[in-house]
Structure formats: C-alpha cells, structure tokens
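In structure tokens, one chain follows: the form predicted on its own.
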C-alpha cells in the first residue's frame, strides 16, 4: 500500500513538469534564429508566397492564439502538421519513435546486464589484474566517439567478417513484416514472423553493440563502487563470519545492495542514449526518431521540434518514475 502511494505521488508530480516543458518549448522554438517558412520556400519565394504559407500553418496568428491552438491540439492528440513535409506530426512520430526506443532499450538492457555481472565480479577481485583490466576497458569504451565506434564495428563485422548485414536499414528489403508498434523486433514477435525476427535481430546487433559499449562504463563503475561498500560493511563481514554459504552472501547481501543506486543512474544513461542515437542512426541508416528530430531542428520546423522535446521529456519523467519505483523496491527506506 505504501508503494502505491509512493507511485501516486510521483505521477502527480509529472503533470506540472510536462506542462512546464510544453510552455518553455513553445516559447524557445520561436526565438530561435531563422524563419522556417523562408527555409522551406527558399530565397526566391515572394512575400505573398511566404504570407500564404504562414497563414496555412497558423503562424500569422498572435503568439497567445498559437499557444491556445497548440494546447487544444495536445488535448486531442494532434501535434500539428510539419512545416517541412506537410504531413501529420503525430503520424510521423508514430513511425519514428518505435525503432529508436527499441534500439535504446535493448542497448540499455545489455549494458545493465554486463555492468551488473562485471561490476560485482570486479569488486570481488578488487585491485587484481582482472579488476584493473575491466576498469581500463570500460574507460576506453566510454572515451570512444560513438560514430567512430559504429564505423569500426561495421568495418569489422560486415566488411571483414561478413557476420552482419549491411548498415542500410532495419530489416531485409524482401522481408514482409506487418507493422504494429513500429519496433521491428517486437512486431516480428507479435506477428509470429520468424524470418523477420532474425532479420531485425541481425540489423540491430551492431547499433545495439555500439550504444552498449558507450553507456556501460558509468553503470559498471556504479555497481563496482556499491559492491565494494557492501563487501567492506560490518553486516557483510558478520554474515560471512557466521559461515553463510557464498551463494547466499551474493544473492542476499551483495547483489541487492549493490544494485540500489543503479535505477537512477540507468535513467540518466537512458537519456544520454536517446541523444547518442542521432549519430548512431546516421551511421547505420536507421531512420529513427533522432534523425527526424534533428532535421526538424535544422529546418526550424516548430511542430516537429515541439513534439520531439515533449516526447523526450515524457520519456525522461516516465523512466525516472520507473527508476524510483525499482529503487523503492530494492531499498524500502526510500518509500518513507
């Protein structure tokens, strides 16, 4: 019951946060340098053409009226029409957000598993060769630019070894896959399409590996530091002195306590992963949310930029909500 009240309080805090994001984003995108209409129409467009385009997208209205129309659209799920393409932003977002979320979630899941296993293993062998080797490798992976690492993996995995498909999409062109969520791997599972699942998994391998290597270092350091604190604590020393089995010590004392800090850090790393997908998607021709948001920013596409920031903010607060709940489950003191 206390956990449910804890979750309810966190959910209530999301409303003013998202409302503040909506207001600030709406105002900031309109003070950016450049005119989106002139960017789309080009330098040869006349004033009459520009005025007609502004009227078509509602940019000739007063600022307060534009904001009221934007809020009314948000209430009905209408994020406006893209100035660049003329299409519905909601429809374009639905096509783009699934592949990017699939990529980031899988990369974060892989990084969490690797960080947990290696972090605890390294802490139990602190200041030995294995511990130093893992820390050096994690530091090196965190220092590598993600676009360079992606190119190296393509060179080795595709060009030299031939183990993975060419970085030219998300599934094979001749693979028939019925879209359900936009996330190809998940759609293949939901539709029971085995060939599409194998194809999507092959295309996901290299970009997921790229993101995982980049984001695993802070997670590994956190797990290792927490595990070292547990190993040096009086409770763990007393439990070991009483002759508890090694397996019980690891599961009952070490693992749970070592993971207590991980949810909040994983939420931060998730946001970093969303930002990193811009270059990773470009390298692997992923055509996901990151590239779509970047093009919207370059063309000063107000509806696209507003929708992108709103989705990222909503993703942040939801991920932090999940992190808070998991943290409260691992450490009941947080609920008080």
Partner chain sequence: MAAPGPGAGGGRRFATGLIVSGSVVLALAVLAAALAPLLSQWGPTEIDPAGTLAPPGGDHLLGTDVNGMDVWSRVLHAARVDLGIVVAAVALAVLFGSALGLVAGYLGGWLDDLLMRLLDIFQAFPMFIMALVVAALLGGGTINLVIVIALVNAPAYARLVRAEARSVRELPFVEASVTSGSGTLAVLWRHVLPNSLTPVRVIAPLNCGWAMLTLAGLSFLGLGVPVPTAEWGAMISLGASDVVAGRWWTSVPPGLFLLASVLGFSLLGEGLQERAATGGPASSGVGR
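Quick caveat, the model's predicted, so the values are computed rather than measured. Numbering follows the first chain given and starts at 1. Only the largest set of C-alpha atoms that superpose within 1.5 Å between the two forms is called the rigid core.
Beyond the structure shown, there is the form predicted in complex with the partner chain, which is absent from this document and is the topic of what follows.
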Heavy atom within 4.5 Å of the partner chain in the predicted complex - the one residue of 68, 298, 41, 55 that qualifies: 298
Contact segment among 191 to 199, 109 to 117, 83 to 91, 226 to 234, judged by heavy atoms lying within 4.5 Å of the partner chain in the predicted complex: 226 to 234
Residue 163, heavy atom within 4.5 angstroms of the partner chain in the predicted complex: no
Partner proximity in the predicted complex: residue 74 to the partner chain, non-hydrogen atom cutoff 4.5 Å: no
The partner chain contact at residue 33 in the predicted complex, heavy atom, 4.5 Å: yes
Distance check, residue 221 to the partner chain in the predicted complex, heavy atom within 4.5 Å: yes
Contact set, 301 to 315 vs the partner chain in the predicted complex - heavy atom within 4.5 angstroms: 309, 312, 313
Per-residue C-alpha change between this form and the one not shown, residue 159, threshold 2 Å, rigid core fit: yes
